Ligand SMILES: Cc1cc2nc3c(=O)[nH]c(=O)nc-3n(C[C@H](O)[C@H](O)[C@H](O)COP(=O)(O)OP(=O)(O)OC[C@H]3O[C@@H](n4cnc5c(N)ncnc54)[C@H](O)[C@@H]3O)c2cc1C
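Single chain ahead, by itself, as structure tokens, in the form predicted on its own.
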């Protein structure tokens, strides 16, 4: 192996597993340390800088960071990263002094944003401090997009949503609410310098080919449209027996909302197996804890209608099997069809990109899935003035992806408007390494490893919350629980940095390492080297840290995958060859570099 280049920004970025997994690359360990120090406002602003909606995401994010958490490799449960984000939001002070200043004199460039969802709002936040005149067009009377229309108030209270949406609108967005764009060609003729489409994936999938679908139409509702109707107060009740078709997070929101607005009985029916449902594990757990059964391996066969009224749904019975290539397919199980009575069916079987207002003869190309053809780095469409982000770009994802797209699109829009190249002039990532040494055996952070269990988030009393569609179910961590959960973080951004020429090869670090992740050995090719380390490094998705050649001809190899960042190697080293250094990863955003 060649010696590791620790000054390559992606190297230590990848070692901070939670930050690497986060689409917006939020510096997770840094804000968690601030929470442990009760510096909530600073923790909030670190989040706001990268993910834009800390209070919202602290309640609704699908948490790609948590499965990546290093705690998963030492204990059963990851750090509650998402809910700690909410701790910062719930306890922050006045953030006004930290909000970027927006110049009164504009730079002469006008930008049109279509849709007031998370992607467009985040683009506006990034562009406004640079002097752009930003116009936001939204068909609904308020901003927030899918955060308002598809996430029920019992998960995301309106006050939290409006606080973070208004924070951006109040920076100087020229808002056009209740203004539906029906022709992109007409909007292009208004002569904006650039356009950003952040309209989401607003078309819910249907089952038009299932017998009885047309006759049952008055009793069948598309899930995302139904949730939107509830959010704006157009639908206030549902009665009788309700079947929710689908296994994603929208299905979980539909069933839990139905339970709260009057359904006598709610059942979720999924055509796939339980363990491959798209819904997050915690969403499934919350639904089942509210007495909602989830029935799997049941594709709908017929909507049964009698005398113009829906009687129920007939389901086939299937079982999952893997084909010779390991792909999961479903075959008849041999069981008889199952009839389930129902008065209403909520269809939550997926969403498609849907932009009927974008004419197909204006130079913007779409693929076979009706998604725009985009450059995945710049998010620029085949019309160089037009950029996409969020669900409108590549299909349905979580809010955190919308924030990530927005940062990249804002850089692209800025470069485009300034006449620069969208790729060669794009700012690079960077990394700083800062020693945490304060004394001979003292660090500026808490390095002790404590195998502590994850703390549970308190919930409201179900006897009350199930009767109120606007009552928040999760109460969140209080300051004490937040502190205790924050202490579980292993500080993965504080790296073990090795200096070759200081090492005397005494093996003291090998002896003291609790995870056997350090080996002094002869060099070799990486696959073979991984097998003969003190503890074989079997996870090849995480790098090995390899030194240069030492005086004995050996090299030092450390398995980054299982290192606890406990600092014992650095404490034990008699020559300071090991040091604990915080890696500060710079992920470019508009305004965060010299432009």
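Positions refer to the first chain, counted from 1. This is a predicted model, so every value here is computed, not measured.
Another form, the form predicted together with this ligand, is not on view; read the next lines as being about it.
Visitor: Counting non-hydrogen atoms within 4.5 angstroms of this ligand in the model of the complex, say which of 380, 267, 249, 519 makes the cut.
Guide: Contact check passes for 249.
Visitor: 343, 140, 474, 90: which sits within 4.5 Å of this ligand in the model of the complex by any heavy atom?
Guide: After the contact test, the surviving option is 140.
Visitor: Just one of 293-301, 394-402, 465-473, 259-267 has heavy atoms within 4.5 Å of this ligand in the model of the complex; which?
Guide: Of the options, only 394-402 has residues within 4.5 Å of the partner.
Visitor: In the model of the complex, do 119, 146 and 389 all put a heavy atom within 4.5 Å of this ligand?
Guide: Yes, because 119, 146 and 389 each have a heavy atom that approaches this ligand to within 4.5 Å in the model of the complex.
Visitor: Check whether residue 482 has any heavy atom within 4.5 Å of a heavy atom of this ligand in the model of the complex, and answer yes or no.
Guide: Flag for residue 482 set to no.
Visitor: Using a 4.5 angstroms cut-off on non-hydrogen atoms, would residue 493 count as touching this ligand in the model of the complex?
Guide: Close contact is absent here: in the model of the complex, residue 493 is far from this ligand, nothing within 4.5 Å, heavy atoms only.
Visitor: Given that the partner is absent here, does residue 114 sit within 4.5 Å of this ligand in the model of the complex, heavy atoms only?
Guide: Looking in the model of the complex, residue contacts with this ligand include residue 114, since a heavy atom lies within 4.5 Å.
Visitor: Would residue 109 show up as a contact with this ligand in the model of the complex if we use heavy atoms at 4.5 Å?
Guide: Close contact is absent here: in the model of the complex, residue 109 is far from this ligand, nothing within 4.5 Å, heavy atoms only.
Visitor: Which residues from 148-173 come close to this ligand in the model of the complex, meaning a heavy atom within 4.5 Å?
Guide: Read in sequence order, the residues that approach this ligand (within 4.5 Å, in the model of the complex) are 150, 151, 155.
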